[in-house]
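Single chain ahead, by itself, as structure tokens, in the form predicted on its own.
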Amino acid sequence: MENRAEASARNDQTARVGVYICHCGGNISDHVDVESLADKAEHLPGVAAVRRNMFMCSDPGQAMILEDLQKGVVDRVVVASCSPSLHETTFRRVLERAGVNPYMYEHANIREQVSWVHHGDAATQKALTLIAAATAKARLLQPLDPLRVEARQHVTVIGAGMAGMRAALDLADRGFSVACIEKTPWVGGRAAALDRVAPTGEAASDLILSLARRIMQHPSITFYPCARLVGFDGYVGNFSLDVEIVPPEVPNDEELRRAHEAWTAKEPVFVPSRGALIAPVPSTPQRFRLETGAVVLATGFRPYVPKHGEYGYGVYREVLTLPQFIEALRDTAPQKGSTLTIDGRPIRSMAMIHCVGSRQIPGLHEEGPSGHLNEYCSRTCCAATLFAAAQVRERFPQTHVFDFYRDIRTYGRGQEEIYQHAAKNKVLFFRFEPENPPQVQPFDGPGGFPLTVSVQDTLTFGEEVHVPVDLVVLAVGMEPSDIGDLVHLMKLPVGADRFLLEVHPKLRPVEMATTGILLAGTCQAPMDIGECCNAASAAASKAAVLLSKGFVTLDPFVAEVDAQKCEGTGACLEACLREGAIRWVEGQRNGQTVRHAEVVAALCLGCGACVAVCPTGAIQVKGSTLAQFEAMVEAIAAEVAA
């Protein structure tokens, strides 16, 4: 049988490489002399054709590659364009449509690695060097088969807020068995603290109970309250989750005790600010293992907690966060023509301050205890603040509302009307610059107001405004939940904003780097309830598509061991970054039983750490062999020397 080295040598002599260079609408061609690049690429060894296109990823660009493959002009492809994370899959599918093995493809990134960081002759020369290296590797490519692993028809959802419940129901309705793990006894998440939901004005409790009843009644959903993940192993289609149930101290929690007593197997019990109880509260600790095909993360968020003294928070009892105010407003009986009363105090005048804990600026705002700044916009605060302001003006017209903002965006269907509604209801707006935020101080003037809010109002060209108030409400942003244990256990990628990070915001918006782990809702970024449910349904759809065939296909770029070369040193096992990806097996060599390494393909990361330490070259990563790397290095050296 022909070995891999012999096949590579044969490929090197007969390969017909097509090089396709993208202008990227000027992103590349404004800084790289693409015409000169194409002329030089024609002379690279093994190159049979060179083409250019304004957008190689467009239909005409793909048709150009397809035609060359179908006519036999080329039998392997190099596309020089943007990052492979954007369009490598696109071009592999072109090879598939042409009836060519999709792994006879190599990508040269001449946008992010060249035209975005270099200019002129230096950019053109570097682009040529990268294309030469890609072409040298492409000449040694061999057809590969994707991996196929069996997949369980079961999904685990972690978190039972709105997103978790939505994802669980969507999956169960598609016929999958679903386990839903929730760390508290309740379902509903942060939405349980709300009264009405913008922009429709529906009761938050109705939304939660609607989903909770369906969760209770669905035969394909198993709900585990007071449960947390303590062990994680496996790969897509075959994950193993160790779950631990820790009973709460019910006698010390009066609301939980009463809800538990009122609970029946037919109807959930809703408790404001807590959620809906849909299952008996566990009374004994328990630990068990779930075998599942995919995992949907719906771990939610937590509201930003202002630092002591930030806008007077923690110093003056009259300063509340928006979530605290919404709960207080919810529990206040409506009385037309009256004044809002909070904790027995009449609120004649109140201030609402935006962007507290959001859009923080380095050097201007103080970092939190973790050393982070929330530089992102929390997106939902503007609409939530104005919705609450409009409610106050409608229910308590004798209470005056003053809104202090940096910028206001009430994006989304029906949300702009909230802004207009608040303005028509005589909510008075003041705009400030971030370097001159409102100052909250004690008030010693007439009227008996406890506080005053002072600001330099840019709407009146910098006029100094002092507003005496009975209450200050801080529109706090969203922060990721404290899921450090999950991140560590499941090795989840986290963005600079500390929210869980998707593979690509446009191409794979709800997928994580580990295939089979998906994102739903505010564990990924600030979202409102509607967006959370959209993301949850998207994650459920992805999981369903992934598992529906009963098996999963994966890229074949994993390590493989040549048993005849392996001397059993164990260096690869020590270097392996994924536990269980390499194991010992026994085989026959020269009539003797010997021990050698074997790769568990579904677990292998394809990182090559094992390749680097193997003293005999017995282990290689398919699609990135040592011979291919050596060819790339030689091509780069030749271009540098030229």
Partner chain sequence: MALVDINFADELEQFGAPKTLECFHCGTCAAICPLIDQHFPRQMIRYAQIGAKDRILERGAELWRCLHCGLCTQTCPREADPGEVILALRRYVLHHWRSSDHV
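Remember, predicted model here, so these are calculated numbers, not experimental data. Positions refer to the first chain, counted from 1.
Another form, the form predicted in complex with the partner chain, is not on view; read the next lines as being about it.
Novice: Among 499, 313, 223, 419, which has at least one heavy atom within 4.5 Å of the partner chain in the predicted bound form?
Specialist: The option sitting close enough to the partner is 419.
Novice: Using heavy atoms only and a 4.5 Å cut-off, determine which of 554, 427, 241, 388 is in contact with the partner chain in the predicted bound form.
Specialist: It is 427.
Novice: For the partner chain, considered in the predicted bound form: do all three of 402, 449 and 457 come within 4.5 Å of it, counting heavy atoms only?
Specialist: The answer is yes; 402, 449 and 457 each reach the partner chain.
Novice: Examine residue 468 and determine whether its closest non-hydrogen atom to the partner chain in the predicted bound form is within 4.5 angstroms.
Specialist: Taking the distances in the predicted bound form, the answer for residue 468 is yes, it comes within 4.5 Å of the partner chain.
Novice: Do residue 443 and the partner chain come within 4.5 Å of each other in the predicted bound form, heavy atoms counted?
Specialist: Yes.
Novice: Is residue 487 a contact residue for the partner chain in the predicted bound form, using a 4.5 Å heavy atom cut-off?
Specialist: The answer is no: residue 487 has no heavy atom within 4.5 Å of the partner chain.
Novice: Contact with the partner chain in the predicted bound form for residue 124, defined as at least one heavy atom pair within 4.5 Å: yes or no?
Specialist: No, no contact at 4.5 Å.
Novice: Counting only non-hydrogen atoms, choose the one of 91 to 99, 508 to 516, 458 to 466, 282 to 290 that falls within 4.5 Å of the partner chain in the predicted bound form.
Specialist: Comparing against the partner chain in the predicted bound form, the contact stretch is 458 to 466.
Novice: Mind listing which residues of 167 to 201 have a heavy atom within 4.5 Å of the partner chain in the predicted bound form?
Specialist: Going through 167 to 201 in order - heavy atoms within 4.5 Å of the partner chain in the predicted bound form - there are no hits.
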